[in-house]
Ligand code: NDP
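Next up is one chain by itself, shown in structure tokens, the form predicted on its own.
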Amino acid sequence: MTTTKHNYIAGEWLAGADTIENRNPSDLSEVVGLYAQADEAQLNKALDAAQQAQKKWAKVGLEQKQSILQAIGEEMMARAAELGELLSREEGKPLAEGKGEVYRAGQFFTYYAAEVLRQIGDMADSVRPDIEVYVQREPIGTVGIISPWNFPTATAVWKIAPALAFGNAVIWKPANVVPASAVAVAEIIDRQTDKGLPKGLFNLVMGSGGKIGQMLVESPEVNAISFTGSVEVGKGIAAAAIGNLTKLQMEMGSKNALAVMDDGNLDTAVACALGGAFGGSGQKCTASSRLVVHSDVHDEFVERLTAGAKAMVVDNALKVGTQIGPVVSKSQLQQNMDYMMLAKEEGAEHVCGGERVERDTEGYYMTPAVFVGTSNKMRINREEMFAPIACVIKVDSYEEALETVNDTNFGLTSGIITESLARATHFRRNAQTGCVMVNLATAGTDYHVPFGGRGDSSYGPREQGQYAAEFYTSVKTSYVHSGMPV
């Protein structure tokens, strides 16, 4: 009998108004579990509990806070194999990637545990005599977190960990496609209520984006919203939250480009392109779906890329040797197939891949696809596909490559493959993206440095590293008259 997992609200596990079924995209016969769906009353209960718990959290000493966050991170890292398998079962990424994601999520907690002890303010002399000025950061209050399905543990945690570290309460609404990973994280955090984490400081409220998510962003009790998802949904959130002047941080779409220059190492270029375009079934906001290639190396690069794509192993996420698992859902697979058809209609030359394939277990499998003869005017190079589809754009110079890379409404990541220090430096300074990679895949970032983009890719302060304080805190400036009385 399948067990129903509940929402975590005010320190209690509560049954929902309804449940959803979670199936394994690698094996549609397997039900991962049944998961509760919250209603408005439960969301309001979580919001009220969060406000009260945040006041208690503010009084907890720094060392105790550090110890709690450290313990959460250490448990996640210790259980990375177990929880990584659960993640791969519900999301579809290969097992090694699932384990790696959970371990990295644990590192976010241990990093921000250390940041708890590094919250140091500034002091300055006033322009007026005998007055000192103190600048310090204080918690923003209650933070609503809306996380995506493609990195169900890591993306959520890189929001939750700094929110707690900087003294806030959390209401977390995960994507409904991946509830199992959310419950696993909540169970780990729940164990710290016996160690001083106030009940109600962290709340897991599962439900649809259209219902629970919408109520969350419209609530006047929420002081800040951190969202990762599509541009369309992000703009809707902004419109709903502006009435309350809610602070916003949003990471949205992307259309990342990897430029391969005529002086670049082709082995490096192909490896970066394969990993960047097809890793995680292309379901990454940092995926390099545009491959901008110099004409002098275009044909050889395409030949090697095609051979590499055809050789990639597409299979059950839990199988040893799988390089590409299934896409996450039936609707995502259909969207991918629609883009395959669109590419052909737009005149792109289909080189390989993009077929739905069968494996030992029924799942949403498709092979990685390569198109050539594409241009930046095509929709396949303007819209985020979130699919294992790479489109090659031929250019005749470095200058044309840079112009092509920057010709997009998005601006999250970009990369260049070159052996020229001058080109690498020029590209790094002139690529209009928040993250730039030199001789690396566009996918793959570190937790201790800022992450975010430009244009339609991002809105609000950066995520990760010490830059996260800009979003999760409010700055207070105090003036103190220190002169002796006359």
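Predicted, not measured: the structure shown is a model, and the values here were computed from it. Note that residue numbering begins at 1 and tracks the sequence as displayed.
Omitted from view is the form predicted together with the ligand, to which the following refers.
J.: Using the partner position in the predicted bound form, report whether K173 sits within 4.5 Å of the ligand, counting heavy atoms only.
T.: Yes, K173 lies within 4.5 Å of the ligand in the predicted bound form.
J.: Answer for G167 alone: is it within 4.5 Å of the ligand in the predicted bound form, judged on heavy atom distances?
T.: No, no contact at 4.5 Å.
J.: Answer for M252 alone: is it within 4.5 Å of the ligand in the predicted bound form, judged on heavy atom distances?
T.: Yes.
J.: Answer with yes or no whether S397 is in contact with the ligand in the predicted bound form, where contact means some heavy atom within 4.5 Å.
T.: S397 lies outside the contact set for the ligand.
J.: Counting any non-hydrogen atom inside 4.5 Å, which residue from G100, G141, P148, G275 sits next to the ligand in the predicted bound form?
T.: Spelling it out, the residue with a heavy atom inside the cut-off is P148.
J.: Though the ligand is not shown, can you say which of A369, A348, C285, V292 has a heavy atom within 4.5 Å of it in the predicted bound form?
T.: Answer to the contact question: C285.
J.: Taking G210, I237 and F386 as the candidate spot, are all three within 4.5 angstroms of the ligand in the predicted bound form by heavy atoms?
T.: Contact check passed for all of G210, I237 and F386.
J.: At 4.5 Å between heavy atoms, only one of the stretches 183 to 191, 313 to 321, 77 to 85, 226 to 234 reaches the ligand in the predicted bound form; which one is it?
T.: Checking each option against the 4.5 Å cut-off leaves 226 to 234.
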